[in-house]
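A lone chain, given as structure tokens: the form predicted on its own.
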Amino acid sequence: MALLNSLRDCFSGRLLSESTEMAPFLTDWRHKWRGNAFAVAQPYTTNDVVKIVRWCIDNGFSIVPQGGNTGMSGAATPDQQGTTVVLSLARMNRVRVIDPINNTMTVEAGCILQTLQELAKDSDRLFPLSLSAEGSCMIGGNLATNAGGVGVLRYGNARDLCLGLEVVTADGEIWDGLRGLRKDNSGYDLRDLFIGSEGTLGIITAATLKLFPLPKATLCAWAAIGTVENATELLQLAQSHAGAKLTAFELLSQDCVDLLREQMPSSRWPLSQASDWYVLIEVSDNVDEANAASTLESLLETAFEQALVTDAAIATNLSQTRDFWALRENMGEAQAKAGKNIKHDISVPISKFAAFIRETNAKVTNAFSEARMIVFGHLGDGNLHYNISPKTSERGESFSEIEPAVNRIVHDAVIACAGSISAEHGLGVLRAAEARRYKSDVEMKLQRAIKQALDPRGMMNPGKGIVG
């Protein structure tokens, strides 16, 4: 009790120590991992974070930083030992400054992503990071995992959207790197060390983010295509037709559509013709909605002429655009409702997409006849969510038994394509061991050197990431 009181007294904020209070912070949202903790600390300020880190150093505790707890790989869940303080950034949610002239906003790590999108819009600006968990995920976690989402094709991932960071180091010091500069070659880029590090090097407490002019109109279209080869050809055509207007290009299989209809029967599919594959194309225009519609119409007209598309539907307004996007964004919820599944967040060169899907699907289904391939993702930037569900619900509980063998098939195929086994979800605990298996000795040596230099006590998010 004395130890708990000393932690309680060292910072201003909330401290949770009862099991019922801590429970939501000890389990990931997929309910795949559950851990234990000494306490959950919710600081109000960066100085509070400093005090918590120094207390943990003095008392031999490790720290697990946590944002919205929406991650897919278990990076924000403590281990079972109970010698961890979960440091929740949820109460550090202030917007420090919005600078529309410099096209930047400086915000604290606990800000909800959707809130930042709305605040940027209020200043006639766009913050383009967008993903299905945006209503609850926090920008600190987005940066710690280098989140991607649907706008990477045009705007890049979280790393590309961040100009500067404020970080509390593993020594309990503050690095103030909140510079709103596009050009700064005055030393090693510390920002890029912490982005994507999953809290294993330090705690991101604030960030300076890029803003963009707010588009006058955004419209999208669903198109039916016969093959993934057609999809990659259509992507090239879209890039040449729309240029920088092309903001998203998503791929979805017929199995995905079937799963949506099964699990979310109220969903309205906009195309009348069934097809093996579909793409969702989004364009943003700085003129008006009519101009955006004209761009899509011209693109699809050419695509029909070249026999790349068999059916298409263009959203007629912003409301319908949201409805079209909901079909893509509801894939995660549909899979969760369907029960057990095996998830992969991979990236491969776009030129190898078609061969990878065709050959890997055959390998998986030949080895496991009960596998139902739920394949979708961000074709425009090479990121594929390559997921497998059981064909029947009765197989659900035992389906996880085949996960290691499926992972080996999929990840070996990814590496053979010069791809990555973690595109935007991070390694966490889910992929940490597998990532180490595929990394070279030289790369692992460099990774360990960075970890040792920045976290010599090994107290930051132990067991997570490549050398956690």
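For every residue, the number given is its place in the sequence shown, counted from 1. Note that the structure is predicted; figures quoted are calculated from it, not measured.
Below, we turn to the form predicted together with ligand FAD, even though it does not appear here.
Contact check at 4.5 Å (heavy atoms) against ligand FAD in the predicted complex: none of L26, G35 and A39 pass.
Between the options T70, N407, S420, T46, the residue in contact with ligand FAD in the predicted complex by a heavy atom within 4.5 angstroms is T70. Contact with ligand FAD in the predicted complex, judged by any heavy atom within 4.5 Å, is made by just one of V107, M138, L165, C220: M138.
Residue contact check for P78: none of its heavy atoms lie within 4.5 Å of ligand FAD in the predicted complex. Proximity of V85 to ligand FAD in the predicted complex falls outside the 4.5 Å heavy atom cutoff.
Taking the partner from the other structure, ligand FAD in the predicted complex has a heavy atom within 4.5 Å of a heavy atom of G202. Contact between A147 and ligand FAD in the predicted complex is found at the 4.5 Å heavy atom cutoff. Judged by heavy atoms within 4.5 Å of ligand FAD in the predicted complex, the contact stretch among the candidates 208-216, 191-199, 304-312, 288-296 is 191-199.
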